[in-house]
Ligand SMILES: NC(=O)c1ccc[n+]([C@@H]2O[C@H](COP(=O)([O-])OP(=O)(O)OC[C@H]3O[C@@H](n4cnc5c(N)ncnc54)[C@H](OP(=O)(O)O)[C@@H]3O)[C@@H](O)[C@H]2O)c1
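Given as structure tokens, the chain that follows is alone and in the form predicted alone.
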Amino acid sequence: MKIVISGASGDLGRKITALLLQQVPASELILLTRHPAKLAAATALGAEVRKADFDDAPGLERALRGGDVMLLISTLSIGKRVQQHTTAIHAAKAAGIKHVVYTSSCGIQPQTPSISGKEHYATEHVLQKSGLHFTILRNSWYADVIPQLLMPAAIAMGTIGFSTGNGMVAPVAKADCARAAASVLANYRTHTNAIYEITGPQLFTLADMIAHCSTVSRKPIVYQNLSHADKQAIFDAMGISRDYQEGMMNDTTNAWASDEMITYEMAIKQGFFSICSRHIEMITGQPALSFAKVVQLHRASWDQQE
């Protein structure tokens, strides 16, 4: 069996690869990346690293040859994603791959206001019509985002705001998304044409999550219930581009296109993310981490601010 992982040098790809190395021989892994040098450690362990680019269809097809199942980790390129994913799916079929596992997004509906949601929905449609076997993993909002990325600034400023209203989401640990994906890949034939909602174990409003973080940090944090216009004005004042620019998300900045972030908050407010499942436990045999546990895993970085 040969397992192909696209975007293998990204954070999620690295986590999935590390888990797979505990389950299958390294020689069964084909890791695709635009930057092979970043995966030198995996090469040393015996995995095969191949250069691949979703904007280069012929090169991508060559890179996929010999694979049995491919993990298609969704790209970050908003506006180009559907074309890139379509290229990857067609290249996989041409290369002889029989099964594609796709990291989609929770809350997929054609009516969603979320830009990324619309792109994931379109990709799912392409995959389902491709003639390939598939497994779709609809990942919820990462639980790590608030405690890891947003809380340090919230603690320092004493306030944070969202335009999600009373909308709810079941935040999922990124580590659990990796566990689910690795388990599916290692046993992909048992997940043929399945669609899973990869969520945390409990629904929360954003206000609920911030209140919990405030209690844990022992710092008062005022939650602001903002309008979408107010939130957009904040992003504009921060100088965040409304449109996606290649390379926005990298190791030094977590800024993403504000139009995407606003429409994501719209989707939460309108109820598109109010989905809670036990699919992680169904797939892996172990329950998903609670939001409280994820907060504890990241709180050490807050303490450094005191």
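For every residue, the number given is its place in the sequence shown, counted from 1. Since the model is a prediction, treat every value here as computed from it, not as a measurement.
If you look for the form predicted in complex with the named molecule, you will not find it shown, but the lines that follow are about it.
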Fill in: The unique member of 93, 212, 174, 228 whose heavy atoms fall within 4.5 Å of the named molecule in the model of the complex
174
Discussion item. Using a 4.5 Å heavy atom cut-off, which residue among 47, 52, 266, 276 comes into contact with the named molecule in the model of the complex?
Written reply: 52
Practice prompt. Verify the contact flag for residue 258: yes if a non-hydrogen atom of it lies within 4.5 Å of a non-hydrogen atom of the named molecule in the model of the complex, no if not.
Written response: no
Worksheet item: Wondering, does residue 103 line up within 4.5 Å of the named molecule in the model of the complex on heavy atoms?
Response: yes
Worksheet item: So, in the model of the complex, is residue 199 in contact with the named molecule at a 4.5 angstroms heavy atom limit?
Response: no
Worksheet item: How about residue 3: is it within 4.5 Å of the named molecule in the model of the complex, going by heavy atoms?
Response: no
Worksheet item: Where does the named molecule sit in the model of the complex: which of 81-89, 229-237, 157-165, 178-186, heavy atoms within 4.5 Å?
Response: 81-89
Worksheet item: So which residues in 3-21, when you check the named molecule in the model of the complex, have a heavy atom no farther than 4.5 Å from it?
Response: 7, 8, 9, 10, 11, 12, 13
